[in-house]
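The chain below stands alone, shown as structure tokens; this is the form predicted on its own.
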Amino acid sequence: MPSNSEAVLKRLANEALRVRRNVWRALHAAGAGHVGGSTSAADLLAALYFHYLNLRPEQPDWPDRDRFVLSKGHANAALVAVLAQAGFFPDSHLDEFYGYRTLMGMHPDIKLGGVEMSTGGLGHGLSVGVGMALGGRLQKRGFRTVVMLGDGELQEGSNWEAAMSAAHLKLADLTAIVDYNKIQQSGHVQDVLGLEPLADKWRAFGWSVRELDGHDMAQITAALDALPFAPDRPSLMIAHTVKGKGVSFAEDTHLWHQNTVGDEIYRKALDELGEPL
């Protein structure tokens, strides 16, 4: 079945909706957490885990698995949601998010099956991704490495050192995805420290770049299917997204970068999101 068929896109859209509902579910269990950047990444994560990445949930340490690093580790609720949906652990674990003695904290923990890197200190994921991709080449393995970055995270200079290294090493099996929702913890990215012209900067560093709507599943799958965008360069997807996507009161505001999720807020969020078809 073609990757952009109506049935495939509908299935992936349903998985993305489930991710959003499960983000709110996990953060309701925790009482609070990072809603905005988790829900902006839901469509991208659904496409990665249910369309692109070559994984074995029953064998999370399979040596030839594709690697995914959530460098914007504060969006761990979305990562936990998609890992549960993919079968890495029982769905019921979402109700333990940020609980006592759980491995599902506000940031990813490498002790949890399916998590490749403990992240949360911003600016480190791409450097580790470079190492993973280079390691795969040296070991003559065919796995691919994908790193998801936050836009505010790109204000960390270590990302640009990693970008320069990846291009120099011609790591065509490395892909970075920028979840470009344009809002960070304290306000709009352009007001805190602007990134534009973002695509031109990455191209100048030697990457092959494609921009897309990060909520349009057809565009996302088409970009993933086209990887690598060039045979001897790392690839970058700049995904234009909406912070807090799917729930009106959480969209496009830094107030929902992190916030409290009580019973009433939770009910309102699920009502707006609706049920999967």
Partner chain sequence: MSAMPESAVSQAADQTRLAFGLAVGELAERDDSVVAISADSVDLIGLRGLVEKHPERVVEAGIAEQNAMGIASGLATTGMRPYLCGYAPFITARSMEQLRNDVAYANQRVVIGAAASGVSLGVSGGTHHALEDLALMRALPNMTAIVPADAYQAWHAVWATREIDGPVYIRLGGRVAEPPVTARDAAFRVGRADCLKDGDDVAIIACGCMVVEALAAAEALAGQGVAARVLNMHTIKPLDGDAVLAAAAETRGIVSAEEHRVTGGLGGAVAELLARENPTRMRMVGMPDEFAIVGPTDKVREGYGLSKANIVKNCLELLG
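Numbering follows the first chain given and starts at 1. Since we're looking at a predicted model, the values are computed, not measured.
Although not depicted, the form predicted together with the partner chain is the subject of the following passage.
Undergrad: If the criterion is a non-hydrogen atom within 4.5 angstroms, does every one of 67, 116 and 132 touch the partner chain in the model of the complex?
TA: Yes.
Undergrad: Heavy atom within 4.5 Å of the partner chain in the model of the complex: which of 158, 102, 190, 185?
TA: Answer to the contact question: 158.
Undergrad: Heavy atom within 4.5 Å of the partner chain in the model of the complex: which of 122, 172, 198, 86 fits that? Just give me the one.
TA: Looking at the other structure, the residue within range turns out to be 122.
Undergrad: Please name which of the stretches 70-78, 203-211, 86-94, 104-112 has residues with heavy atoms lying within 4.5 Å of the partner chain in the model of the complex.
TA: Within 4.5 Å of the partner lies stretch 104-112.
Undergrad: Please run the contact check for residue 180 against the partner chain in the model of the complex: heavy atoms, 4.5 angstroms, yes or no?
TA: Heavy-atom contact with the partner chain at 4.5 Å: absent for residue 180.
Undergrad: Whether residue 149 contacts the partner chain in the model of the complex should be assessed with a 4.5 Å heavy atom distance threshold; does it?
TA: Residue 149: no, not in contact with the partner chain in the model of the complex.
Undergrad: Can you tell me if residue 167 lies within 4.5 angstroms of the partner chain in the model of the complex, counting non-hydrogen atoms only?
TA: So residue 167 does not count as contacting the partner chain.
Undergrad: Could you confirm whether residue 162 comes within 4.5 Å of the partner chain in the model of the complex, counting heavy atoms only?
TA: Output for residue 162 is yes: heavy atoms within 4.5 Å of the partner chain.
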